[in-house]
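Below sits a lone chain in structure tokens, taken as the form predicted on its own.
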Amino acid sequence: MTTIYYEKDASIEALAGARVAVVGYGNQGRSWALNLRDSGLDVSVCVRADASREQAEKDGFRAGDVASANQADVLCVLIPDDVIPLLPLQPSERALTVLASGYTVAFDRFDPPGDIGMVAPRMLGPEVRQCYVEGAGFITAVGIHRDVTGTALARTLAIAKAIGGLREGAIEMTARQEAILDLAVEQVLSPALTHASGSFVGAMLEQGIPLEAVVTELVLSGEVERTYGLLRREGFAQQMEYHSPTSQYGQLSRRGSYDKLDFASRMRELVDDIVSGRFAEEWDKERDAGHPRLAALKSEHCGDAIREFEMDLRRRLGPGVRRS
């Protein structure tokens, strides 16, 4: 059975007297640093001499170069996965390196000395801070990749507790499990949902439904978002009771409509790309080339025309509507 950790399973005393370095001060880094400090830990921020360092200093942290993190007892590395292997990080054999994603160690891109742990919030960076301030919590994935000192689990759980990541429970996962799941949501599930949504939009346009009305139904109204909120809080069976009988019958009676479509085979192919390491190799090449394909893809799918349409629609419908 999968192990779930809670606050009772951790003690911040496991880090008593420890120097904690937060490497990176972006969405996750700033939230982690503030939460760790508010939990009573001795925290410094290690970043490039840029606006992020200025922000860290304004927030009252000691700030230095990335390499200064090597002197710390615990290193929380909170920068994009593709950048981590390029950093001058060489901690001591007694140190603990904590990663917010299993990617770099799962695919052999990063192998620092000492203990290696993973604390991966299932939450966007700014919300890690907001949940902590509100006294709420978020679910986390926690795992130990290497235990040299015999204290890796205790210290990793202490970090998880200190950022507020054990308040709603933490699922024990290996770095590889976390990386595969995370990448699969992005590369396997997300494209499938995008394709399904696109096909739905096309079917509605063929029936003369205004595009604005379709986008409102799918996004702007917030109905789908709130339904997923009910799924999270109450579960599928209970949330179904909030739908009309017409809706319930329509959803359930048509549920097998796509069973003959071979989604599974294509999904397995995409997952195999992840598991085999082919995607990691592709992403390394893309990084080394300066991300040309990423720029082209963003221009194609998230370019100015799309941004302008979305901004205009939000000015005319929803919370951003102009009132006169």
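The first residue of the sequence shown is number 1, and the count goes up from there. Owing to the predicted nature of the structure, the values given are computational and were not obtained by experimental measurement.
Beyond what is shown, the protein has a form predicted together with a small molecule; the following relates to that form.
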item: Stretch in contact, per heavy atom within 4.5 angstroms of the small molecule in the predicted bound form, of 195-203, 105-113, 240-248, 71-79; value: 71-79
item: Non-hydrogen atom within 4.5 angstroms of the small molecule in the predicted bound form for each of L89, T151 and T156; value: no
item: Sole residue of A95, A100, L166, A175 within 4.5 Å of the small molecule in the predicted bound form, by heavy atom; value: A100
item: Candidate from V133, V224, V83, L231 lying within 4.5 Å of the small molecule in the predicted bound form - any heavy atom; value: V83
item: G125: touches the small molecule in the predicted bound form, heavy atom cutoff 4.5 angstroms; value: yes
item: 4.5 Å heavy atom contact, R48 and the small molecule in the predicted bound form; value: yes
item: Contact test in the predicted bound form: S52 vs the small molecule, heavy atoms, 4.5 Å; value: yes
item: Partner proximity in the predicted bound form: G26 to the small molecule, non-hydrogen atom cutoff 4.5 Å; value: yes
